[in-house]
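As structure tokens, one chain now follows by itself in the form predicted alone.
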Amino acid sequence: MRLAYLWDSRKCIACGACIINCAANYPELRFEKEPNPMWKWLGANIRRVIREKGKPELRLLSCQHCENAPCVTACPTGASYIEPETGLVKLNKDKCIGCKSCIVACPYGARWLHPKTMYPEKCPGPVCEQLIARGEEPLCVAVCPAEARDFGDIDDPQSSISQKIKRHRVSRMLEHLGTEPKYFVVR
């Protein structure tokens, strides 16, 4: 099994429901002024990025769950790892020494430093980890009113995510780096 995320940029209405619900993973940061000083953003694992070159383009950025994850390679303690059962990139905070190597190594800028615990954070957050373990969708997928998000096993040809990848033109960020991201964008 290899779990992956899909974001359909054509369907997205930029409402931010995925971001707000992701921030629910970190309720202690909700009402602070700058809960994520690295991103100048909400304490969430998804951030909104707008590229201004030419026509403005919205991207929703989070962990790409790379099969060749630089964050895993850079981690000196094995705290960052790829979970064998799901293929998701995870962080074991009991092994983490807070060196921030994983944050620096991620070419997507998808990890951030929790301003209170000083540990790296990433997708999936604590609430979504529980949902996924129960076979449910992560919050960002479950709350999307436009059905622009999907999550599932890309090794299962019958899964909805596999069907969408097969039917649509998809891309992955920074594919040329050889990280093999499992975050697909429908264009």
Partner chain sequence: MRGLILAGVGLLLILAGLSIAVAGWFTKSVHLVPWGVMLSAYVFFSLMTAGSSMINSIYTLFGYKGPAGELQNIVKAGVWFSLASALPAWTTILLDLTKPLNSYWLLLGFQPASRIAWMALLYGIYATVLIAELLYVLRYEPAKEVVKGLAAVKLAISLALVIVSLMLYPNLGQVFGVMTSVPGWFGAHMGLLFLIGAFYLGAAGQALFLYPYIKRYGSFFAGFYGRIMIISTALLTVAIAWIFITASHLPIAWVNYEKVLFSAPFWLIQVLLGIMGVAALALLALSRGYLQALPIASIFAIVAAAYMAYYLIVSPQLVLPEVLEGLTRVVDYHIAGDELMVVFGATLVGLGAYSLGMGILPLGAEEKPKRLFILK
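Note that this is a predicted model, so its numbers are computed, not measured. Positions refer to the first chain, counted from 1.
Below, we refer to the form predicted together with the partner chain, which is not included among the displayed structures.
**Student:** For the spot marked by Ile154, Ser160 and Val186, is every residue within 4.5 Å of the partner chain in the predicted bound form through some heavy atom?
**Tutor:** Zero of three within 4.5 Å in the predicted bound form.
**Student:** Look up in the predicted bound form whether Leu113 has a non-hydrogen atom within 4.5 angstroms of the partner chain, and give yes or no.
**Tutor:** Heavy-atom contact with the partner chain at 4.5 Å: present for Leu113.
**Student:** For Arg47, is any heavy atom within 4.5 Å of the partner chain in the predicted bound form, or not?
**Tutor:** Because a heavy atom of Arg47 falls inside 4.5 Å of the partner chain in the predicted bound form, the answer is yes.
**Student:** Consider Met173 of the chain shown here, and say whether it contacts the partner chain in the predicted bound form, taking contact as heavy atoms within 4.5 Å.
**Tutor:** Yes, contact at 4.5 Å.
**Student:** At 4.5 Å between heavy atoms, is Pro84 in contact with the partner chain in the predicted bound form?
**Tutor:** Judged by the heavy-atom cut-off of 4.5 Å, Pro84 is well away from the partner chain in the predicted bound form.
**Student:** Heavy atom within 4.5 Å of the partner chain in the predicted bound form: which residues of 93-108 meet that condition, in order?
**Tutor:** Going through 93-108 in order - heavy atoms within 4.5 Å of the partner chain in the predicted bound form - the hits are Asp94, Lys95, Cys96, Ile97, Gly98, Cys99, Lys100, Ser101, Ile103, Val104, Ala105, Cys106, Pro107, Tyr108.
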